[in-house]
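In the structure tokens that follow, a single protein chain appears in two forms: structure 1, then structure 2.
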Structure 1
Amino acid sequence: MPWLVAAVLIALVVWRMAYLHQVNPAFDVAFFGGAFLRSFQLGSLYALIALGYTMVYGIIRLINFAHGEVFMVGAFVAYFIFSRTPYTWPWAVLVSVLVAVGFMYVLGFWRGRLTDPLVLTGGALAFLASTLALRSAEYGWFWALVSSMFVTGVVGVLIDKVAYRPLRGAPRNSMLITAIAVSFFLQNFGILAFTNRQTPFRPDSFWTGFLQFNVPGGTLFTTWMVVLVPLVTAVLVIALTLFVTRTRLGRAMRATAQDAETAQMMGVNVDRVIATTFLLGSMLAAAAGVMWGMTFGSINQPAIFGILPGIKAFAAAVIGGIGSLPGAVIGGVLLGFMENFLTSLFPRTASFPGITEYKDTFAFLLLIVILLVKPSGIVGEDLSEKV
């Protein structure tokens, strides 16, 4: 049945593309190909954010309203780092110390304590790598991505520790209201720290340059970001999958998602598992934030930057089936396609005003429809509350 639906949808899309091309030759392979690539790029970004929602929901059944703001923090931290490259020596050393501490903190989760030889070695290496990278502008974006992931990961863990951990076992409405409060806190803290201004986000990088290649009937112009974003997303998703399926902590995560109480009785340190979840989710959100900035060339005001991507990614997570990792990726990509490819199928023509103005509402409408028709999402299991 799903295959049939997919086949019918694809047939409809192809028919629509052929029709548009027949009406106006400007709607050619390059036009739709560009839309396809951009949808995939945007969908990957949504998927990265949605993974954070889905993991946190899967573990503690909390819709982390502040996740969009974590995404914002990731982007602004990255801006803070790369916009100053190359750093002078004292600043490079200072920032590197911070990065190394964050790295050790993150690594400490796996090893249990900070004085573990592996953690110390990792910290030292991170310090060296950071100092070198901050002195060169070439890989500024990459270093900004990596270090912002670590810094934001620590921010996510702190949020959990300060705001959510005291509320374990509290009514879910209290937790949700707290999450809203945290999101407001981060928005306004962003205003305080970064000023509420649209900020250009253009690291010196090969990837933000133009890319063109020949397709039947014309040339497709785009930037290298359409390659980079899905690539980084794929790497991160594979790493996450390996982590969840192959490591002890990943197994503990799955056990906690199944049944936190029983997992605790079996010796799982649930608090640590939850902290890891926040860490990983925030790291992915930070990566999405950096690539979002590189894709669109600017990051919006801190007060509103996280809201729309956040709520759309949440919609993506629900569409795919919240609590499921593949569901988040599927939902994200689907949403990207709805926003970009669908609007390219109904372009502005002389007789038709186009639907680009409505693309922001797609996520909401799709969310509402999915919740009303199949709340468990595309690949999710039934999560209806027990009586």
Structure 2
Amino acid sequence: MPWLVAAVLIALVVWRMAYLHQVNPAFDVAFFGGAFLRSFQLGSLYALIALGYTMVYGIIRLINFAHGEVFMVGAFVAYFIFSRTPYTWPWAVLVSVLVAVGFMYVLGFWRGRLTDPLVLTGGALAFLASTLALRSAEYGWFWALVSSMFVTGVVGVLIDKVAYRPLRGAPRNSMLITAIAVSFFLQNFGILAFTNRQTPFRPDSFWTGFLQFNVPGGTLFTTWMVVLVPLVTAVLVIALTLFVTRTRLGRAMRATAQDAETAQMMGVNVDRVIATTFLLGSMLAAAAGVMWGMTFGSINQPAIFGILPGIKAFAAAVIGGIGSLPGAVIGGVLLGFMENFLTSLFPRTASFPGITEYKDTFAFLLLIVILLVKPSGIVGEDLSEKV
């Protein structure tokens, strides 16, 4: 039955594309090919954010309403990395000491003690890398992305440690209210720490370089950004999947998701697993924030920047099946196509105003339809216990 529904929808899309081309030859293969790539690009960003929602929910059954603000922090950290000027040597060394101590603290949380040789080595390397980086005149997108993911990951771990860990065992409503409070705190922190104006976001020049592909009936023009965003997303999703399925800590995460109490009795350090979940989810949200800024060319006020993408990504996680990693990716990509490709199928013409103005409602319409038809989500298992 799902395959029949998919076949009918694909047939309707093909019919609509053929009709538009017949009415106006400008709506050709190149036009819809570009819309397809942009839809995949947008869906990739939603998928990265949705992974954070679904990971946290899968482990501790918490809808982390502050995740959209974590996405905001990642974007603004990258903005300041892009636009900063080199530090003087004393300030570079002082800040690097703080970075090294923070890195050792986070690494020591997993290794068990700060005097572990691996922790000490990591701290020394973090000090050297931070000092050289702060003295550098310019950052490329790669280092801005990596640095933002690291900083935002630490923010995620701190959120868990300060706000959520003291409430382990408390009623679930307490956790939800705390998540909303953390969301408001980060919004106001963003206003104080960053700027509250529309801020230009400067990607490297090759991200905005043009590409062209020969397609039947014309040439498709696009940019490297449209192609690279899904590729970077795919690399991060594959790395996350390998971590969850092939590492000892990943197996502990899956065991905790199944039954936290039993996992703890079997020797799993549940607090460490939860901190890892926040670390990874926040790093993925930061990656989405960086690429979101580069895609749209600017980031706006911290108080509102993460709200709409965060809500849509949460909808994507529910659509795919919250608690499921593949479901989050499927829901995010599907949402990107609903928002972008659907507006391309109903463009503005002389006799029709188009539906672009209503694209923000598509996520919630799709969410309602999915909940009515398949409440557990597309690949979800048991929604009655999860939402």
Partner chain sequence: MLRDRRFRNTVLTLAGLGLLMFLLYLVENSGSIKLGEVAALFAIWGIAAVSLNLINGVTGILSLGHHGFMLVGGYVTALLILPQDTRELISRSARSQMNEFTLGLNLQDWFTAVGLDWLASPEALGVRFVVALFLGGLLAALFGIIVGFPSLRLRGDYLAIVTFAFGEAIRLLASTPLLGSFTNGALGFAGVPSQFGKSVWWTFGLLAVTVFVMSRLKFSSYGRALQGIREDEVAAEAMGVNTSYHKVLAFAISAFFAGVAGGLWVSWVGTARLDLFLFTLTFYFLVAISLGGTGSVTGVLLGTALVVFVRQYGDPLEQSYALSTWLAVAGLLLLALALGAFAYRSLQRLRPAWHPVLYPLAFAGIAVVAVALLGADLNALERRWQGFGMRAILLSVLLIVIMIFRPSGVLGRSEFSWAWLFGERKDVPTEEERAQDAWLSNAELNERADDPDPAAHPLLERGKKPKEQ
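Every residue number counts along structure 1's sequence, beginning with 1. Throughout, rigid core stands for the largest set of C-alpha atoms superposing within 1.5 Å between the two forms. Since this is a predicted model, take the numbers as computed values, not measurements.
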> Quick one, which of these two is the form predicted alone?
Replying inline: 2
>> With both forms fitted on the core, check whether the Cα of Phe127 differs by 2 Å or more between the two structures.
In response: yes
>> So, superposing on the core, is the move of Leu12 at the CA at least 2 angstroms between the two structures?
In response: no
>> Superposing on the rigid core, I want to see if Ala303 changes position between the two structures - specifically a Cα shift of 2 Å or more.
In response: no
> Aligning on the rigid core, what is the distance the CA of Leu94 moves between the two structures, in angstrom?
Replying inline: 5.7
> Following alignment on the rigid core, what Cα displacement (Å) is computed for Val215 between the two structures?
Replying inline: 2.4
